[in-house]
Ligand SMILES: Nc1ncnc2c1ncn2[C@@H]1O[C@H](COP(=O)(O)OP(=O)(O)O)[C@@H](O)[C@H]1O
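Given as structure tokens, the chain that follows is alone and in the form predicted alone.
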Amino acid sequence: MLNLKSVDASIDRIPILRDISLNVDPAETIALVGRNGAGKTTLLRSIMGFTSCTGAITFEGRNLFDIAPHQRPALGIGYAPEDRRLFSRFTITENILLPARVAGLDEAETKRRLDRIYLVMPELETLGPRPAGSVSGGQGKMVALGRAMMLSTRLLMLDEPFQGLAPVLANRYAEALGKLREIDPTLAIIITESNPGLLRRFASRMVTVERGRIDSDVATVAAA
């Protein structure tokens, strides 16, 4: 489904990724692990079109280099950046619905996708009327996940979702991902994380990034 071949990426002419090749199939949950600064975030940003890249990136047979960054979510790609980037004056519900409005989804499809989000994270429906700027950092991560889910019909990418979360919220986030996998088994998921132990129980594959290169691609057995 998603294929990266010999991808190099730079930021301000500084090389970050070097000769990255990676295949992601439908229904896979890829744990992209590595130390801070290894290039994990840049890899996700390159898929979204936010860096200067060479090589090849295709999604379901389409060359992503031919598709503008703002058009890529319409392919069914949802992305939650590490810093959440919520609109603090909007309510939580408005933040979640924003991608649907930008994408021009009709009312019925928007409701279907919103119901899917609430099935995974019912607390977001309860918190919906609150301004996004009033929630905790952990709650904000859940809102960012919900917003990304609004468009992620084929691929969901989460950048360091567990970073800074208290153990209780980290477990709740993991439960939400498990529920998402249960109700949407064909969705491909890529999660970046500095601590691979957090992802071993549900990742189908661990991919290690070291100094801008894929150091190893190790199959793992997800916990039952």
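Every value quoted in this text rests on a predicted model; they were computed, and no experiment measured them. Don't overthink the numbering: it's just position in the shown sequence, from 1.
As for the form predicted in complex with this ligand, it is not shown, yet the points below apply to it.
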Which is the contacting stretch out of 41 to 49, 195 to 203, 177 to 185, 56 to 64, given heavy atoms within 4.5 Å of this ligand in the predicted complex?
41 to 49
Only hit among I16, V207, I20, V24 for heavy atom within 4.5 Å of this ligand in the predicted complex is I16
Give a yes/no on whether G37 approaches this ligand to within 4.5 Å in the predicted complex, heavy atoms considered.
yes
So which residues in 2 to 23, when you check this ligand in the predicted complex, have a heavy atom no farther than 4.5 Å from it?
I11, D12, I16
